[in-house]
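Here's a solo chain for you in structure tokens, the form predicted alone.
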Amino acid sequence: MSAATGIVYLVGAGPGDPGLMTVRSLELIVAADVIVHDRLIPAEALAPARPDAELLYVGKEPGTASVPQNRIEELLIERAREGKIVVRLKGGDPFVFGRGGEEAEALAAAGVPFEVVPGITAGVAAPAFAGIPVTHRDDASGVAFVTGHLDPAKAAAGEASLDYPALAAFPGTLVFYMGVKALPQIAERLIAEGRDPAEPAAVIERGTLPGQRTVTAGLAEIAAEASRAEIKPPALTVVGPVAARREQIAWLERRPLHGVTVVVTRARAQASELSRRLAALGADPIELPAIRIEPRLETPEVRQAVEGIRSYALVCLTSANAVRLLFEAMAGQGLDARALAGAQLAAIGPGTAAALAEFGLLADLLPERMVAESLAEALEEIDLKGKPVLLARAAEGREVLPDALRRLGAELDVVALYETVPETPEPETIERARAADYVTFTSGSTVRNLLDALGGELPPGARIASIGPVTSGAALEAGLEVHVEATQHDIGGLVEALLADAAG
């Protein structure tokens, strides 16, 4: 390979759940100069891409004009010949109904180096998520993957696109991709060629994604059942005795928040923890960040506080953001955790204490309730008269703690390490959020800024979940009804409160 020639990676992105992507696929997405991607690639799959990477969408939308296959192949060849690392990102596996074989042949004919990175195909993953093993020692010793997409030319000529006699005689599981529209014809022809009309069948919509739905029936009724349930693409159909095993081993729908849509309003950098916990419980989290954290580490107050960090008898921290940014400011002056050896450390709650633990420090003072009032009460047990105290917080912090510390006689420095500013959500995300079951708020600023972003109206029918009384107060002031309030005022407490409310 010459230095001027790039390389193309034909990469499978898996069936939809970002957690099912391979390590190799993520490595290549990070390294790519160009990513040529399909319609069903999840947004999370593209998130690791470099900011300067070229993202080319070539997805094929049902019923609309799309980028011709030969043009996709030309794009891959052109970009590689420019010396670029090109990732052709395809849903599922590139060689399972992904036309990856055609693209590999085109690259080989053009003399362009390429590699194939397999992915998990939906024909295995979606049934697994639905509780259907495609093979089973008692039911099926083989599985056939079949495209249910009818060839337009053959259909117009009245010819069968599939070998129905062979499929009807196949002694195992049949998995049809892209066959929702043709399902009545597929079922009818299989039965006509000898397949048992009562044979178990299942149709799985949006396999491995939070909104996955599954309908089951006998082969003769499965098309009508899918139509009644308004099943839409992407979906696949499983035909065979294994489909009946779903009744016993289905696991996805048994997760406590399955089918529940939750809007997460935390700042983008922090939203992932809450989203990850919700998704693990079966929810569909929609990240709609209402705020963005803007560091303020270059102000004279911050520089002065860090220069004198060893002089403080007590350092109070009111959030995990404050902890991380304080250590970032300290690192900028060549300091680490040892600079705090002479100070007591007060954390407003377990999340802040956990952030301290990341730097090898334990909080000396941790109130039972994660509110400023509770920390202020705990501080009364300490003799602070005449002692230097640093309060590291957000610019918008309430005055409860400063007032309490001054009343206790502390020589107080209040330093704003960051401010929260409104974030502008993307229109597509706002549209998705309109059907949400819950909207979560983790601070007063998320309440105010989300209402501004949505024009003052939250999703109709959504229940409001608050992380604690201060946030609830901001919601009430904005005219909202708070349906759920966490008893423990952190992310874990918010999740527990959502679980209890959903169960009720």
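Keep in mind that this is a model prediction, so the values were computed, not measured. We number the residues from 1 along the sequence you see.
Heads up, the form predicted in complex with S-adenosyl-L-homocysteine (SAH) isn't pictured, but that's what we're talking about next.
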Heavy atom contact within 4.5 Å of S-adenosyl-L-homocysteine (SAH) in the predicted complex, the stretch among 328-336, 276-284, 193-201, 90-98: 90-98
Find out whether any non-hydrogen atom of T121 is located within 4.5 angstroms of S-adenosyl-L-homocysteine (SAH) in the predicted complex, and reply yes or no. yes
At 4.5 Å between heavy atoms, is Y312 in contact with S-adenosyl-L-homocysteine (SAH) in the predicted complex? no
In the predicted complex, does Y164 come within 4.5 Å of S-adenosyl-L-homocysteine (SAH), counting heavy atoms only? no
Is M178 close enough to touch S-adenosyl-L-homocysteine (SAH) in the predicted complex, meaning at least one heavy atom pair within 4.5 Å? yes
Which listed residue (L209, A343, L384, V134) meets the criterion of a heavy atom within 4.5 Å of S-adenosyl-L-homocysteine (SAH) in the predicted complex? L209
Though S-adenosyl-L-homocysteine (SAH) is not shown, can you say which of I186, L417, A130, L236 has a heavy atom within 4.5 Å of it in the predicted complex? L236
Answer yes or no: in the predicted complex, does S-adenosyl-L-homocysteine (SAH) come within 4.5 Å of a heavy atom in every one of G6, L28 and V86? no
